[in-house]
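In structure tokens, one chain follows: the form predicted alone.
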Amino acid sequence: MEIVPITPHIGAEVQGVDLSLPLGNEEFSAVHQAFLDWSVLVFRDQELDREQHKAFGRRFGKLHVHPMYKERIDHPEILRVKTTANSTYTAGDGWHTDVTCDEFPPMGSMLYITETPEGGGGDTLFADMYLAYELLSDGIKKMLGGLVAVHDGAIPYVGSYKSTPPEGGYPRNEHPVIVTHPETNRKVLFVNSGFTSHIKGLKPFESRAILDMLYRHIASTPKLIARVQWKPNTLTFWDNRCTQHHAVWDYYPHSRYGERVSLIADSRPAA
């Protein structure tokens, strides 16, 4: 196994691993450590069927079922990510962390892309939320440290995707604005424009000003970002607890197709 960094602090390509085969204990430990070290792992030239994809995911935890597809009978753990010339939106077109509206948001996601746009494009940007926190001033860190934000699934799933909410609505939960990664014990900025509606206890204009400032910080700081250029049969595994990502839709009218499994975290995000 060889680990080739994409940037000095986030993202690495893992070479010499065949994900269609079960990982041995030593190999699993090496991949798990690389996952903690780099937050985003890219595995190229993988030939996977859906069961092999799910088996790799289960090696790291229980598989998540997306709130929009809980009634799906055929492979409910697999989220299909398909964009064509007829699509009204593409999943993930904006900075976000996956499904933070859940009480236990996914600890990680594994997207397996099999079709890339023939004209190029369709990269995914990943942002380092460890570094996003570290670059804040001490005064802002202190202010954010005791705050809690609301994460609402209706924002993307109804507002952007125009889906019909299930009975009882989409999940809506509260998480600290600054959390501690449960395995690395590092501080993480944990609000995102995809799901975070407001900060509790603040007036609306105060909450909006703080969130907009943090979102600008993420979107306008290039040193936070690693860019993954997809090729067919590439699987990327990212740590949802300390990253955000943005799927760039720059390939109209061409198509892009992949399938994702996500892993349920063992604990809620906590300060």
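All figures in this text were calculated on a predicted structure; none of them were measured in a lab. We number the residues from 1 along the sequence you see.
The discussion below concerns the form predicted in complex with succinic acid, not included here.
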Item to check | Proximity of His96 to succinic acid in the model of the complex, heavy atoms at 4.5 Å | outcome: yes
Item to check | is_contact(His64, succinic acid) in the model of the complex, heavy atom dist at most 4.5 Å | outcome: no
Next on the checklist: Since only the chain is shown here, I'm wondering whether Gly92 would be in contact with succinic acid in the model of the complex (any heavy atom pair within 4.5 Å).
Outcome noted: yes
Next on the checklist: Please determine whether Thr114 contacts succinic acid in the model of the complex, using a 4.5 Å cut-off between heavy atoms.
Outcome noted: no
Checklist entry - Looking in the model of the complex, is succinic acid within 4.5 angstroms of a heavy atom from every one of Val81, Trp238 and Arg256? => result yes
Item to check | Position in contact with succinic acid when the complex is considered in the model of the complex, options Ser163, Asn173, Thr180, Thr124, heavy atoms within 4.5 Å | outcome: Thr124
Item to check | Heavy atom within 4.5 Å of succinic acid in the model of the complex - the one residue of Trp230, Phe56, Phe43, Trp38 that qualifies | outcome: Trp230
Item to check | Partner-facing stretch of 165-173, 141-149, 84-92, 128-136, counted where any non-hydrogen atom is within 4.5 angstroms of succinic acid in the model of the complex | outcome: 84-92
Checklist outcome for this item: Applying a 4.5 angstroms cut-off on non-hydrogen atoms, the residues of 7-25 near succinic acid in the model of the complex are none
